[in-house]
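Just the one chain here, laid out as structure tokens, in the form predicted on its own.
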Amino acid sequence: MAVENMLEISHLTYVFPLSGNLFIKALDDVSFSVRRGEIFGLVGESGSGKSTLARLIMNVYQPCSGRIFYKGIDTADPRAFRQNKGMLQTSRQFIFQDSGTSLNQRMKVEDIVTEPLRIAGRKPDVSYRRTASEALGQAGLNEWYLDRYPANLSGGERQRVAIARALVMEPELIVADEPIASLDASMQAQMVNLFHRLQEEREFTFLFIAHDLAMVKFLCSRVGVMYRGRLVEVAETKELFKNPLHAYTRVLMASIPIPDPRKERGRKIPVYEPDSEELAGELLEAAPGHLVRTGRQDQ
């Protein structure tokens, strides 16, 4: 039987230990699901736990508690991960925020793009070079880049190489951790349009992590909002932007820039001041498909 949800996160918690008895709880009881073939957006301010969650999903970190199901496989279980390691390493791909550090500066673009194939022991039907060229073409670059090094590329070009490296494995799930954060506005728009086109063509499931709400609104079908390691609201994109229920979500919406310099200079952005009761509540369904963490927020 086909699994409706490609990804299911259940009561996920992660703690960064410091010195002595000190620690930072990066994630606190996070639960949500990502449907097969959808683009799910995850938003929140810096330090909210988005990147930590991405690394847990991709098994870079091991959760302190909770479960992560990918196609019905609990990847947080070391035994299940070992039994399915080959499939998990090929059908899931990660696009990092900083393409400058995620690409080997001593490797040519051709070798960077085809390295996952070589590691997985996959020999393409055509040559590795032809495969790299085709992947670059899908990411918006021509074969001229194959013999270039990352240092010779712009930020946008490096990010396209990172996308090509992910696409070459023909993944079913792509997790992108703020892949447009380091780019200028025009390049961000190009990247988001590229992601939208590629997802329609390849029909992969896409977890898109960002703090730019305008881009998330354009690209994603559903959105989850995170604050201090907790998921405070999840809804269809149109519903969330039309009717944000949690106080923090409303503050995020109010912070979206207005494309009018005079109005932008004159407006006041509200400040979110949470209390323990508001963050300790449960994530409940306030409307069909619209989940919100209970507390003092208006319903």
Partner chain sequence: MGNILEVKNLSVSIDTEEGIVEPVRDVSFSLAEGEVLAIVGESGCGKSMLCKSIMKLLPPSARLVAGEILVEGKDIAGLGERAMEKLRGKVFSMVFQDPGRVLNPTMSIGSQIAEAVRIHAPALSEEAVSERVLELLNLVGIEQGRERQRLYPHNFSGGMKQRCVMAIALASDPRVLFADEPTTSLDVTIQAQILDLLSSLQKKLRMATVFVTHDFGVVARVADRAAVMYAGKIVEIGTAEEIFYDPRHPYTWGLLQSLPFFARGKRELPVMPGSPPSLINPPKGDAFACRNPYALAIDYEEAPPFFKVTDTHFAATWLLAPGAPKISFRKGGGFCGS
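Source: prediction; values computed, not measured. Numbering follows the first chain given and starts at 1. Definition used throughout: the rigid core is the maximal C-alpha set that superposes within 1.5 Å between two forms.
Unshown form predicted in complex with the partner chain; subsequent notes refer to it.
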Where, among 162-170, 175-183, 122-130, 79-87, do residues come within 4.5 Å of the partner chain in the model of the complex by heavy atom distance?
-> 175-183
With the partner absent here, would Ile73, Arg106 and Gln138 each sit within 4.5 Å of the partner chain in the model of the complex, counting heavy atoms only?
-> no
Wondering, does Ser33 line up within 4.5 Å of the partner chain in the model of the complex on heavy atoms?
-> no
Touches the partner chain in the model of the complex: His211 (any heavy atom, 4.5 Å) | yes
Looking at the partner-bound form in the model of the complex, is Arg228 within 4.5 Å of the partner chain by any heavy atom?
-> yes
Non-hydrogen atom contact Gly66 with the partner chain in the model of the complex at 4.5 angstroms = no
If you check Glu38, Glu45, Asp29, Glu239 against the partner chain in the model of the complex, which one has a heavy atom within 4.5 Å?
-> Glu45
Within 9-34, which residues come within 4.5 Å of the partner chain in the model of the complex, counting heavy atoms only?
-> Leu18, Leu22, Ile24
Compare the position of the CA of Ile163 between this form and the one not shown after a rigid core fit and state whether the shift reaches 2 Å.
-> no
By the 2 angstroms cut-off, has the C-alpha of Met226 moved between this form and the one not shown once the rigid core is superposed?
-> no
Take the rigid core as the frame of reference and indicate whether the C-alpha of Leu207 shifts by 2 Å or more between this form and the one not shown.
-> no
